[in-house]
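For this one, two forms of the same chain are given in structure tokens, first as structure 1 and then as structure 2.
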Structure 1
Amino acid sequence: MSDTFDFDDENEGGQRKASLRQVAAFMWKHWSSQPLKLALFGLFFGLAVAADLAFPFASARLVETLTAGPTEDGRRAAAAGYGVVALLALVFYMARNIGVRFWIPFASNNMERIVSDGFRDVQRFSSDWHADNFAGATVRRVSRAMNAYDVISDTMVWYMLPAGAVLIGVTAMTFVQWPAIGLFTGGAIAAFLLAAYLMGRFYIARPLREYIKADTAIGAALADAVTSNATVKSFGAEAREQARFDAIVGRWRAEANRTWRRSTDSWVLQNMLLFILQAGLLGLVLLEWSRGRATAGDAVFAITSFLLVSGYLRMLGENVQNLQKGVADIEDVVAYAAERADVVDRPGARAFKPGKGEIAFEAVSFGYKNAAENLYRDFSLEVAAGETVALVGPTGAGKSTFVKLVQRLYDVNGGVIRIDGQDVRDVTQASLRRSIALVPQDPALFHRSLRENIAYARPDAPMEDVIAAARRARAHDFIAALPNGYETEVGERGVKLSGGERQRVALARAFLADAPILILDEATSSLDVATERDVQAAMAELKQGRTTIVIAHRLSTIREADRILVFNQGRIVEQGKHAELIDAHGLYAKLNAMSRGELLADEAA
């Protein structure tokens, strides 16, 4: 085992990043989804910005009245000026407070929708996609996207947009009164913003992306090790896994330090530009005052404007980097939304109508995306309703591919697959798969109660049906003996149960599903003899009246099959009953001898 984690966030599973344009369109789609809340927030927040922008002007006028001295007129003017300043402050705080009350439900609704849609997008991707992507990394990306939306939205709405309005307004007001000072202010602001953009784009962006990759790798590594904890313990490899994980976290620390140092470098440059703006603006106003072209009120206007501008600029400089991080965090989920799934329902696809379970492959061609050539070429086969068909053959012969195509986990390249006369591409995937019950070799249960796991195919099934299904699967006795019975949680992937118990829960699930087609994928290969006997008896009952496809490596389990199909390189090279195939002395007879530890005569020679 390597001490490093071979993880490339850019290329994992062909994962593509979304462009900035796509991220912007994604954000706007969510912002525009609640126009009334957005408009009301914009109204009150715009009022707050207007009050903030008017504050330097009102402060200047107040100082002008004070310089007139404590005359009667001066007192009235000072009182009026004070009232205006106080009113502007009140409007500013009240408007922001009211506006945020519209923003809270607006933001939470969108965040809920983003993480929900991200989960939906991940679920619609193919089995290949999930095989190519680390589960922990996918979880990290989807969960980060919700917070990334919050960061982007807050940065834009609370900092950048009001900052832009104030900076433009102050520059315009200054230019009207003193064109030279206005040009200087506008130029200094432009230089600050340009520096922030260039530093972010060319100095911070790449380290930030590496930092995000390292963060995702932590989630992937955690999931990889935690879900395989039983294997770690069985080899006494806790120290080795700890060292491996420490190396991954060490990489994150190094990338975090590099990103944060560069951010600090950027702040140094921005603070230098703020100093130039402060010194220049105040100096130019004092120069105008010395020449009799500016009053004390004008100087207060300049100082107040600088404080206002510098505050917003400082926030802008800091939040440019927050915006970059938010974009980097959300671009994976934006890409998920834009990515087309390999298998999709056709427009107007109807629900599958379950029948007797007839299956027909008609001149089917199929190959995996990375394969040099098709596995199936002009493949045809009919499975009669109620027939039990066993699939045997060497690894890679096409057995598992057959059942995946029946479930429409992949689309064929050519030909047609029909179930009960319906092209599987013309019906919805969900309705098709609800008519097929699968009992895999290693059932993956949910970290939920036994009741929920058994009722997964029929969540609304009454408890008596759940218990009846468990009895038929020979699972009721061990469940009833548990302290919490059917409400016992089984642990992640069912780790609290033995292999035989998990298998019987999977059989109970299939009984309750009551689907016309049953797929048994080597369902007893890892069980002890006594448990296998119970499970075999349950499966024999489950197969009654159903079309059953059995994938088998232990050939002793399929001797009673109605028909055995022998696959080799994507073709059926033999078919018949067990005795017929043994007498034929072909591939099946060879596989049967190997499964019993025997050698054929020609191999012994």
Structure 2
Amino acid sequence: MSDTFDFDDENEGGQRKASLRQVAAFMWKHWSSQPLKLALFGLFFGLAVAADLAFPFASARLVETLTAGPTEDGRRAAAAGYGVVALLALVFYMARNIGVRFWIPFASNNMERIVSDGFRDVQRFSSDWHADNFAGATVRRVSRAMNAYDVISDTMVWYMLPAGAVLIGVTAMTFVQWPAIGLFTGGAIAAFLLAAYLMGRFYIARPLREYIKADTAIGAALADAVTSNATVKSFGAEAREQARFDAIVGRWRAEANRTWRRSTDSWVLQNMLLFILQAGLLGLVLLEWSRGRATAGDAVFAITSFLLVSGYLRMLGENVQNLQKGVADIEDVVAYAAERADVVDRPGARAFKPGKGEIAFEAVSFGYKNAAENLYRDFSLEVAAGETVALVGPTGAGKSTFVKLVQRLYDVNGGVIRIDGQDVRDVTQASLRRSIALVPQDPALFHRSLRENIAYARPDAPMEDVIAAARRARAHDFIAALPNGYETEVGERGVKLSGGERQRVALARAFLADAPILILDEATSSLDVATERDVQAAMAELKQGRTTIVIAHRLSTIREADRILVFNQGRIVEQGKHAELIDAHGLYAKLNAMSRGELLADEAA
């Protein structure tokens, strides 16, 4: 069954993704970003805590006045005591409620920033990173971090800080009056905190992390199966996918049970300590009373403060678990922030200065991360400005890789790639890629309107330009025939379009980009022969004044290229014009003969 559990992507490899210190620094960065709101909140919240702390005192005083009996003075004192107790309660509620008003925007601003930063981090990661990670897992991690922030700060600021203040305050107050009891209270509280920490650290942390891993795996598995739903359907494999998913959810259930059970164990221990504290405190004060060293008011003081303390401690005990879960939940995104992307802009990298579109590979070597050996070894090539170059060759020969390297989706292991004389590593990635219009081998559209999809390179392009590009790509007619025309939404990745329609939208998008370099990776492979010919005629004028790289298996489409490069296993084995290559009787001539012999071409290659 091991294959059922392989929804851990590479981010789940290690034990812990970010250290506690990193998490703390991350939280602090966000907390300290809005000092005014935080200070105002702290002011009112501090006031509430102070009112809470004064409560046992005020209660004790009130009871003292009552024990004197309902004399004239006694009544007045009782009324005053009542006023104080009531006022403290009122101050407590008011201050808390005002404090919350400052807390709300403080919290939502930070959550907004965390999710936005998370998205920025994910966007900056390399193509390799994205290939290694489940989209669903990433989505789950980033969205979980938002809530985790909320849980951590609520726990720390709402529960732990006030609890800490109240505990220290009560211990100090008790200590002043009865040092021995104060020591007992302090010791019991310390034992409570230590127990909560030790249980969290050594008993709960590990299952908790497994539990979160299982939670991430649910996101990964769901997204993986849902996005490939068409495949699942076509193989009638729903039951199999259901079983696979259920196994993953089953793992989550097992981990959740373990974690929650252990949390409950931890509560039991904490509750016991709490009981010892409560019973001990009251018992000791009564003992003092029996020796004539404490009054009825003192007993009231002890009872009220233990109610107060136990209320805070209970909140604390419950929230220690939340805090721990929050920290574990946010670790992924904290690690994102610290992670270096594989392909980064050099510090001070300048914008790419588009020229005429000259491309030069100088002694380039490159291999994919996990490949046994380099795909490209000592690869050199020059493409002149304005030239139309065709890349052909068997599948897996490294043609699409060539395109990815030009775009600098990967960094080379050796050698240099220059475009218009600029090393691709010296310029910003975004500016470089904006100078390259690409129709990829498997174009994916956004689930947005056709207009937005076509105008993706130039979002502010006027509608006439969008339509002109669509006409060139022979996409206008089918778009115009749709009830909503250019406003039609195309479905996720463009699933509501036919393969050829999707391809023509991708072509229109590249045409509109109007970049000095145009790259077409199997860009017309899904079109019928007549449409393909039309698109090529339209392309002929587009090629004017720009460098064009065309990758094609259908050799009939690239005959007119200035130069044909025949790739095999990451090397250029032949190059020249169509006629020259035919005469050379090499790989090209063979591929050509086979493609004329139809359909066998791909197999034989």
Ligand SMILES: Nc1ncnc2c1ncn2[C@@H]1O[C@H](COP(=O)(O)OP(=O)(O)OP(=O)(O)O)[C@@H](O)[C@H]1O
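The first residue in the sequence of structure 1 is number 1, and each one after it adds one. Just so it is clear, the model here is predicted, and its values are computed rather than measured. Just so we're on the same page, rigid core means the largest C-alpha set that superposes within 1.5 Å between forms.
- Of the two forms shown, the one predicted in complex with this ligand is structure 2, not structure 1.
- Relative to the superposed rigid core, Leu587 undergoes a CA displacement of at least 2 Å between structures 1 and 2.
- Core-superposed comparison between structures 1 and 2: CA of Lys29 displaced by less than 2 Å.
- Superposition of the core reveals a Cα shift of less than 2 Å for Arg474 between structures 1 and 2.
- Note on Asn413: its Cα is shifted 4.1 Å between structures 1 and 2, core used for superposition.
- A C-alpha shift of 3.6 Å is found for Arg554 between structures 1 and 2, based on superposition of the rigid core.
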